[in-house]
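A single chain, nothing else alongside it, follows as structure tokens in the form predicted on its own.
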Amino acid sequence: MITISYRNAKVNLAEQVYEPAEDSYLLADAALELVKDDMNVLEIGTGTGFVSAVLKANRNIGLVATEINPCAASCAKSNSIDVIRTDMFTGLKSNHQFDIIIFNPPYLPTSEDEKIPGWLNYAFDGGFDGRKDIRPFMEHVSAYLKPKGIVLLLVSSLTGIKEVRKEMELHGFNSQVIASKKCSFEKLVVIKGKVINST
């Protein structure tokens, strides 16, 4: 088993599970800036549990994660992440609310002939426009967010950053880009969202 180390966290990797890359590191760093001790944090689609593991290694927080891929859920559990195997919010109690909800969605625009076999496709396949999972996430996230809570969303320029921010606004969120990184064929950004009427 391969193990990587980052910011006090040690994370086991596994087959059929998305290996932490530039997007994972960017999101972990941005989240670490905002997450404070005693917060309740939810990570949607945790994968290996990398981002959650970094947060747990550096903050005293309550943290739960969800993951649809059974291989990834098992991997995250091996990294001491409290993970529920479910699709986004489906397996969560409706009265459970969080200070911060983190999501690194599958954001690559993907046609039918670009899909890859197996569970790993869930980590990449963002549908024809890259926003297939962002829309339902934004539709439901408010129900699980404390009144002054925030959302952290990792997306790519290939996903359409302006379009994602419009989607957030449509669901009552102010948004701002708080971190970015230029990669070879795309720009990665972390978008912070906050309910418009919150102070």
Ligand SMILES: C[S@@+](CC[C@H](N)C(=O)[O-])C[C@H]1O[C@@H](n2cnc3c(N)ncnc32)[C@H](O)[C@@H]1O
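The first residue of the shown sequence is 1; numbering continues from there. Because the structure is a prediction, the values reported are computed rather than measured.
What follows is about the form predicted in complex with this ligand, which we do not show.
Contact check for residue 80: no non-hydrogen atom falls within 4.5 Å of this ligand in the predicted bound form. Residue contact with this ligand in the predicted bound form: residue 69 places a heavy atom within 4.5 Å of it.
Residue contact check for residue 24: one or more of its heavy atoms lie within 4.5 Å of this ligand in the predicted bound form.
For residue 167, no non-hydrogen atom is located within 4.5 Å of this ligand in the predicted bound form, even though that partner is not displayed. Segments offered: 159-167, 46-54, 145-153, 32-40. Contacting this ligand in the predicted bound form at heavy atom distances within 4.5 Å is 46-54.
Not one of 99, 139 and 173 is positioned with any heavy atom within 4.5 Å of this ligand in the predicted bound form. Residues 86, 87, 88, 103, 104, 105, 106 are the members of 84-107 with a non-hydrogen atom no more than 4.5 angstroms from this ligand in the predicted bound form.
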